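For this one, two forms of the same chain are given in structure tokens, first as structure 1 and then as structure 2.
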Structure 1
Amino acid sequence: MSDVVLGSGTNRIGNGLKWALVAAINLLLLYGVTLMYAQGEMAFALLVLIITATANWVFLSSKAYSYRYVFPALVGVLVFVVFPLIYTVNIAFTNYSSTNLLSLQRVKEIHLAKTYETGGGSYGFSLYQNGESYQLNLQGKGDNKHSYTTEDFYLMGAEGLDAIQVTTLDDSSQPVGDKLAIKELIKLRQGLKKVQITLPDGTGLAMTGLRSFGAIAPVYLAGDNDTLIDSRSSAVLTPDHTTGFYIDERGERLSPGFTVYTGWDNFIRVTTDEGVQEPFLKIFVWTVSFSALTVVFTLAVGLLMACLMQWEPLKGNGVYRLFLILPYAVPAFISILIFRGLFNQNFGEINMVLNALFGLRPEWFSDEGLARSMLLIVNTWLGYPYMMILCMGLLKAIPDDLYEASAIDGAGPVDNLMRITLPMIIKPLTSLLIASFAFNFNNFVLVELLTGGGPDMIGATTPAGSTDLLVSYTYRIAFGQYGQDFGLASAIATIIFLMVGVISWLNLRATKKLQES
């Protein structure tokens, strides 16, 4: 009887500890959600809240017991695939860019914090330190003969403050502490820039130079309905929710702007703006052609090398196989950078050889056709070892009897290739060829390191290059040096996702029909 009581007591303690642990984890996650919400990160707060609620149901409900084993994988797919995809699509419907990064409220705060010198007097200053506190002694310049000493203030922890409000003492007060040298002022200048001094007559002073404070006033004052009033001209600036900028009475924009939803504008721009539409279509055609040609070339070279490695009269094929696989073993970025040097138009070894033999110095990086050919050559070099390894394994699976019967019938190598080898290996290779096509469709590293997308297209309103793939084109729009249009880049990324999805679906259907036939 006592053993039963002891066992039930142990179970109660175990259950209590379990529920306490669950409660602690939930409180910690909810605290994180609260912090995200307070920072305005609604999407991330909602994501964590959904995952927390789902995890509680999965691990605490007996009905969801079977989901416990796949839940971590589902969470990974949600966090690293589904959420970024939804977030990207959401950005595609906004004007989110380098000039429209912040919310309306934050932009309003930035404008209200702007100040200008009013010409109400300039003061030189000396800084005194007494322990951890500081005092400023202000001396008027020119016709201004006034001098002031501020109250004690602290610069420790000033990094997290927008401003340090300081008032002045009476005229007879003198600073206490050690006067700091100019090198010490330089060290403290970031904190001093946040010091805002209020004089007895209400005039505000702020640091205007390394050795001076000046009278300042806010450029803009807050008006009704999120409007701003220019304190210098009394002009009213209103927020334009179609463009995401404050607009003055003359229609001029005030930077920075704020993020607003623009509907289908980015997608319409892709399809109607000639400066975007034309390069987009050209890059799309080139991306498909590049991916398809890479698959064809790597398969052709890889199959040829595999057949040579299987040729019995060839001695030492193990050594040859080792050397032929080396391009696959070397990190791709190293090979790409080496080829970039080899193809250099002025000093590259390839042009030196061509010039010595034929008097030619091709402009590999300036001519569109040559730049694209160079990409295909380098990518074939990087990809053929993978195809060679696959083909070597598949060739071993083909019965020798087929080739012996073919030899008896008088068939040649070409007949064996077209009637035996290719039909026997194409079915198991199909899915791998589709995967290779999808990989090269988004082969960002090759383009970025070898050509950088160049040569540039003439007449494009976006940073577009003749060798750009869709993925590198999107990257240049989002993170290029001539502006960062995240909304347009997200719209193009969404279109790419739909295109790749359709192509993959069609390929899978074609593969299924091929296997059935």
Structure 2
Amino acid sequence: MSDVVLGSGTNRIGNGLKWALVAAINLLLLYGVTLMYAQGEMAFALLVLIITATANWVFLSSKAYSYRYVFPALVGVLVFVVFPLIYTVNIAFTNYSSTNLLSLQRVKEIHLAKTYETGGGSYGFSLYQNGESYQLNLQGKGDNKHSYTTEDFYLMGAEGLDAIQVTTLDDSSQPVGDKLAIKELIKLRQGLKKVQITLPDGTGLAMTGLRSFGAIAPVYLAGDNDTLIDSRSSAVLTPDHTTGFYIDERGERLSPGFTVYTGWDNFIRVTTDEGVQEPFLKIFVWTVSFSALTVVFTLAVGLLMACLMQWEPLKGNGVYRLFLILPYAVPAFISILIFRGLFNQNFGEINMVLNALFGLRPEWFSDEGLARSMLLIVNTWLGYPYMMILCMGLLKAIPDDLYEASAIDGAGPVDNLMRITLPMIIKPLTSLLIASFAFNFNNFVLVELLTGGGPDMIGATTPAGSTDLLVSYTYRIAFGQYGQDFGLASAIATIIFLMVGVISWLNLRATKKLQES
């Protein structure tokens, strides 16, 4: 049993092949790890290294036989659930955002690549094409009578490059090929902007306009300890590791900034900054009430329907059941968008019916209370079939003689429900209800597709709406249209992780209690 993977009874060649394959895969992965490490992506290098090492142990050691079956699934969970979780918690302690997106090293490179026109000479140019290669002919403007011809260069495949370095040929040489018209130049503009010409005297030239090249020089020079020196004013800019920006002596910031650890700052913002804290609390209360109300409503409708479906005198309930399940069968994203259209204030069908009957045209999307009711109505519609299915399964398990006995005693349907049905199903239902609560606590798709979180709250510094759940609020902070604050979003996500953790712990206890009793 121990050597299944290495093959019991296979010949030596087969074994050798297997070892060669194992070695090749390992080499490939380790090469990847080295590359990632070299790029400074420590977290990813570590992740791949751990997976490679455990994979080797699991698939080569006979002691780890049982783990071979579990390993692929566990890697899936590790890479796409656990690692993102840890990564997110880590980001929560940084200022990672659209203004502080890159590492210090990359930001430094960006600043060092900045250039300015020195005014040391301007040249008109014409571009010549010869097959796939190009040559530039430069003519000095004004007093400058110099003219240069550059060597061949390529614009194809230059998209990934930061710059195309080009030197000039000696004075006598003439460009080869066809001179291009201005129309063609405009097409090639993006590539030409990357061309940097070095003249024989060492001056650097770059494109300064559609018809001209000019002398340029770098704005910043690298100093010691990651500092930058402004070549024009020789002012020194130092990287500030608390705010994540380069600052000069007066404390002025230079964009873009870099990512730094900011400790508990994001969490402090959530708890004390009024523009964040107030919407956060409001959204939290709404999220809890939304999930609780959804559970109550879907359970009420679902249980009622399940009882009716189980009622024997009703014949042909297979057809009823099919129709009742339909909202669950249609993909949710389609139904939600249908409702979005139907609730439209001006030409939605729902308002047309209301208008015809009562002369009302409620503003479903701009009034807070109405938007929230709409969300609950749609979610009850979407969710009751699931509760119905669950309840039908549980109701089947209740012995019929209980109802017989109650009927003899003259009990009505309400007595039956309160004294027999509910007490019998509530125990097995509890953990399912908690799971449903947790699902709706994070019901991102519903909010995102139906209201997009709106109507917006007033006085919030982050994009927050009155129908936003904590998840959609987090999503909008991280991927919204106005500035992407990954750090703050991750801090809120971390808080939600804790809450979800508590809910799942409660659920686990409920399940265990059920199993014990």
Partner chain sequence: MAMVQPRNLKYRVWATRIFLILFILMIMLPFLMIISVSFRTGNFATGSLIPENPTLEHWSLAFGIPWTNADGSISLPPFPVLTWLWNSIKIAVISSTLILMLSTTGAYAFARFRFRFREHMLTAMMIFQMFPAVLALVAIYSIFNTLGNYVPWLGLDTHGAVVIASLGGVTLHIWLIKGYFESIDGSLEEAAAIDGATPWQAFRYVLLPLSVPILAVVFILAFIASVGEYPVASVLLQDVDKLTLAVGSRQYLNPQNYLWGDFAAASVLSGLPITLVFLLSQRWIVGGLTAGGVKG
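We call the rigid core the largest set of C-alpha positions that still match within 1.5 Å between the two forms. Structure 1 provides the reference sequence; residues are numbered from 1 along it. Computed from a prediction, not measured in an experiment: that's the story for all the values here.
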* To do: Determine, for this pair of isolated chain forms, which one is the form predicted in complex with its partner chain.
  => 2
* Asked: Is residue 58 among the residues whose Cα moves by 2 Å or more between the two structures after superposition of the rigid core?
  -> yes
* Does the distance between the two CA positions of residue 144 reach 2 Å or more between the two structures, the core being superposed? -> yes
* Threshold 2 Å Cα movement between the two structures at residue 328, rigid core reference -> no
* **Per-residue C-alpha deviation between the two structures [residue 209; rigid core superposition; Å]** => 3.3
* Structure fact -> residue 133: Cα shift between the two structures after core superposition, Å, came to 4.9
